[in-house]
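In the block that follows, a single chain appears as structure tokens, in the form predicted on its own.
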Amino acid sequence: MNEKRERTKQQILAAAIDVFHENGFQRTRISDIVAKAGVAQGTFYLHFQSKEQIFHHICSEFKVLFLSLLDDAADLFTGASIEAIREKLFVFIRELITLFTANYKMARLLFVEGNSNGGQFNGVYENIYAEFIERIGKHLLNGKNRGYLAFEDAETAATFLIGLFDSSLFYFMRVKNHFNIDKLSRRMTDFMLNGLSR
């Protein structure tokens, strides 16, 4: 794909993210997206077949960003001590909050909009969520095997952690608007570890 075509595609994607965020998926029309992007409707169809396809693409882009961060944190719950794990978890949560705040509209599309619309995107949402749970569950088992964490079931613990993270973070981003990322990361870290450590 040449540079100009790629720039146009990114322009359409950015416009779609904005319009989906402002209007919601159901009320968004392709004409709204192209108007925001400043391109012709035919140009949209050179890159995407429908608004459903562009929505899937946006969710996939966020999934790649999120999973990349998870993959880089393979040793998240291992360390020489619980304090070493606490510091790793703090750094990870801070990076995750930074990722979510920098890509708030994309994250909201996946976690909020993707889980509504009468089930239209439930499959996408559930598959991505399941993948997040599986990866975090593996990280948790590593920590449990080292003797620092205690829980009955890794899948349940991972589900609790993700649910806690996305629900509370969206609250802070939507309601509080301005918050100290380091302070919130530290509080989340302490709360999570209190529920997982021996």
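Residue positions are given as counts along the sequence shown, with the first one as 1. C-alpha atoms forming the largest set that superposes within 1.5 Å between two forms make up the rigid core. Please read these numbers as outputs of a predicted model, since none were measured by experiment.
Just so it is clear, the following notes concern the form predicted together with the DNA, a form of the same protein that is not shown.
Q: Only one of Ala130, Leu164, Ala40, Leu65 comes within 4.5 Å of the DNA in the predicted bound form by heavy atoms, so just point that one out.
A: Selected residue: Ala40.
Q: Out of Lys51, Arg135, Lys36, Lys144, which one falls within 4.5 Å of the DNA in the predicted bound form, going by heavy atoms?
A: Exactly one residue meets the criterion: Lys51.
Q: Can you check 144-152, 169-177, 23-31, 66-74 and let me know which stretch has heavy atoms within 4.5 Å of the DNA in the predicted bound form?
A: One stretch meets the cut-off, namely 23-31.
Q: Taking the DNA in the predicted bound form, would Ser60, Arg108 and Phe111 all count as contacting it (heavy atom within 4.5 Å)?
A: No, the candidate spot makes no contact with the DNA.
Q: Rigid core fitted, then: does Gln11 show a CA shift of 2 angstroms or greater between this form and the one not shown?
A: Yes, its C-alpha moves 2 Å or more.
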